[in-house]
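What follows is one chain in structure tokens, specifically the form predicted on its own.
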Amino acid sequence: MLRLYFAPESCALASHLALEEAGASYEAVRVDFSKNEQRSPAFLRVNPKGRVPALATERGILTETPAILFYIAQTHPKAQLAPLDDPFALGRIQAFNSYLCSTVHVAHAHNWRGYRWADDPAAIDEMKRKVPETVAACFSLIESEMFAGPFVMGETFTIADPYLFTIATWLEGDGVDPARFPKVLAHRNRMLERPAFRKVAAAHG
């Protein structure tokens, strides 16, 4: 059985949703960041990065959301969460998820974890001040150029959808009005109605 290590209000929600959408057999293990459990020796043996998500498989641990999402799609092909037989279409999904991971999530992190990049309080404050602008710029690009609709890649739900949904739930906290991005907002509302979200919502707050 798979074991997903997650924390509430983290990007691990995307992997949790994908496991549900795939109909996977798994156990969800909560890592309590308020108690600094991500830095505990027990969890660092799971993921030395001290972050979530981490997915324990029969062959070892996987980390990083794009990798975990792709693994779920590959190991549960009947769920059709990715076009595994179409290299170009699959590459587009990987490009989108990579953008969320490498650019959008990092822009968001400057609001809450500026200490990763600077020690000077003034520099950290400046990073926070910039977040509404940088996050909004990311979502403007998604809205205008990357989102096909009604799902990210068009008519078919894929592993890009739980990831976009997860990061889109952070918009208000980053000082961005989601109404500026009607396609993304409609997608977020649509995801809230899916059975997978209803099943995992309580665990993620």
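Note that residue numbering follows the sequence shown and begins at 1. Predicted, not measured: the structure shown is a model, and the values here were computed from it.
Note that the form predicted in complex with another copy of the chain isn't included here; everything after this is about it.
Undergrad: Choose from 171 to 179, 60 to 68, 27 to 35, 154 to 162 the stretch whose residues reach within 4.5 Å of another copy of the chain in the model of the complex, heavy atoms counted.
TA: In short, 60 to 68.
Undergrad: Would you please decide whether residue 112 lies within 4.5 angstroms of another copy of the chain in the model of the complex, comparing each non-hydrogen atom pair?
TA: Judged by the heavy-atom cut-off of 4.5 Å, residue 112 is well away from another copy of the chain in the model of the complex.
Undergrad: Since only the chain is shown here, I'm wondering whether residue 41 would be in contact with another copy of the chain in the model of the complex (any heavy atom pair within 4.5 Å).
TA: Flag for residue 41 set to no.
Undergrad: Does residue 78 reach another copy of the chain in the model of the complex if we count a contact as any heavy atom within 4.5 Å?
TA: No - in the model of the complex, heavy atoms of residue 78 and another copy of the chain never come within 4.5 Å of each other.
Undergrad: Does any heavy atom of residue 148 come within 4.5 Å of a heavy atom of another copy of the chain in the model of the complex?
TA: Flag for residue 148 set to no.
Undergrad: Could you run down 113 to 145 and flag each residue that has a heavy atom within 4.5 Å of another copy of the chain in the model of the complex?
TA: Heavy-atom contacts within 4.5 Å come from 115, 116, 117, 118, 119, 120, 123, 126, 127, 129, 130, 133, 134, 141, 145.
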